[in-house]
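Next comes just one chain, in structure tokens: the form predicted on its own.
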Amino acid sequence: MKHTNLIFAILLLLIISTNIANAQEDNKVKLSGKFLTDQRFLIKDQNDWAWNENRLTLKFDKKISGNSKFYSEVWLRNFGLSNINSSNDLYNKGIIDPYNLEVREAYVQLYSFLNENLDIKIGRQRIVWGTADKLNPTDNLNPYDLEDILDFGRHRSSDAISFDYYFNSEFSLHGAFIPFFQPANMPVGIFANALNPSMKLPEGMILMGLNDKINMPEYNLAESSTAGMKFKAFAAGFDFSLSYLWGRDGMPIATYNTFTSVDILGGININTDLAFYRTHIIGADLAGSLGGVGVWAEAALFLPDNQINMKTDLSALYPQGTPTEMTIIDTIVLKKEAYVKFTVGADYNFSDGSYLNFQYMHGFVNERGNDNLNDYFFIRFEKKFFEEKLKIVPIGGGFIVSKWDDMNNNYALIYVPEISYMATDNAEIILSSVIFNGKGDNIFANLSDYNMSMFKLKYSF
């Protein structure tokens, strides 16, 4: 049924796109898109393949009489590698040659709706908040798309109603309402366990199995909706904004663990309940230029609705009659107190064609609470040659510190050198590598076994 629905959706898309293409000249429909091939292999042993993605992006943009617009963006992808386990899989083309279709955006925008200063959007849309370069702590309306952990700042779209009210050319108010909660999707492939916290068991215990259950919020306005408001202004050459969001953290948090014994040698199974908690987010950002240097700053204050406790039930490991205080451990995993994530950065274009970008970020997307926010430093220096056709990035990547008082054992280093060549005005070929190194529990330190080389081709039309 799943594949039938996918095939039907593809056929419907082709029919619609054909009709749009036939009417494009008369109705001024703008059709654009991009083809991307992204291939990666590990730099060790037999150079195992780490990533295979061929993505066709189609964008349709149509204005109607100047009063409304329809926009959509669709991904058609051949993604992943064959996962064949039995001869039955050879009869399933979706397993042999994995593919998927994703509607990234599809909305209608109405200009001057009820009032000449009011524009609204209805449908699936990507609502971008924040001014920093991809690392945006205030950008929390849409769920994170963490499929590719190296693609910082990627989000999915949400079914929403949003509006922009323009007081004048320098001041405006933006609002959004999302009725359905959607969690973040986790990394895949070799990155699958990157965001999973390390688990330390008592001495003598051996983990044999781990099962979990996610408790999703009920689909009603009280439990699953998200809402946000943002005031935007331009003054003294800078863009400013203040925002407020009422929603849920898109990454689940453990609330209950049950330990059960499976053998006499210390083997145990763990069953975990997870949930998504409510939070308030107050944000602020600015962006502008000082003496030719682009600068930006962005911060978000997070205030959970309630304190989050995690109970660990060990009663199955103790004889009957053991006091509850010995078998039930109650741990605070997130206090009901405010914590702040922020990003500051700058970039500069030199007269010789080189470019420098630097950002400092406090708190990654999966980090919560004042005691768990790490520091991230990212830098990229690039130089263009031959009328900007060739671009070399000798310095690129980041440095992360998770404990300043023991930095030698709690750090991560990411090095991403890159060479790209514009073969034509709309075709770019990119060769790069990603080298990880580090110690401790930082997510990027955990990727030190996954150094890889990458080849990409981007073709726009």
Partner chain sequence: MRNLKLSVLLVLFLFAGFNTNAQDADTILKKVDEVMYSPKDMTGETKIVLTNKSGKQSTREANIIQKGTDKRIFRFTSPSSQAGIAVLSLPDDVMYLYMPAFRKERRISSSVKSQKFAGTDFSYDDMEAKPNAEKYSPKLLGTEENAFILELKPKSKKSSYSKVIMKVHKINYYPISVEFYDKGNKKIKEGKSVYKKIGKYWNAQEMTMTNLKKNHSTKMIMSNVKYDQNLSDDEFTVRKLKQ
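These numbers were taken from a predicted model, which means no experiment stands behind them. Numbering follows the first chain given and starts at 1.
There is another form of the same protein, the form predicted in complex with the partner chain; it is not shown, and what comes next is about it.
Picking from 91-99, 185-193, 301-309, 344-352 the stretch near the partner chain in the predicted complex, with a 4.5 Å limit on heavy atoms, gives 344-352.
Using a 4.5 angstroms limit between non-hydrogen atoms, Asp263 is distant from the partner chain in the predicted complex.
Shown alone here, Glu105 lies within 4.5 Å of the partner chain in the predicted complex, counting heavy atoms only. For Gly283, no non-hydrogen atom is located within 4.5 Å of the partner chain in the predicted complex, even though that partner is not displayed. Although the partner is absent here, Phe461 lies within 4.5 Å of the partner chain in the predicted complex, judged by heavy atoms.
A heavy atom within 4.5 Å of the partner chain in the predicted complex is found for one listed residue only; from Phe171, Tyr111, Tyr244, Phe381, this is Tyr111. Though the partner chain is absent from this view, in the predicted complex it lies within 4.5 Å of a heavy atom of just one residue from Tyr219, Phe238, Phe231, Tyr318, which is Phe238. Residues of 379-403 that come within 4.5 Å of the partner chain in the predicted complex, judged by any heavy atom, are Glu387, Glu388 in sequence order.
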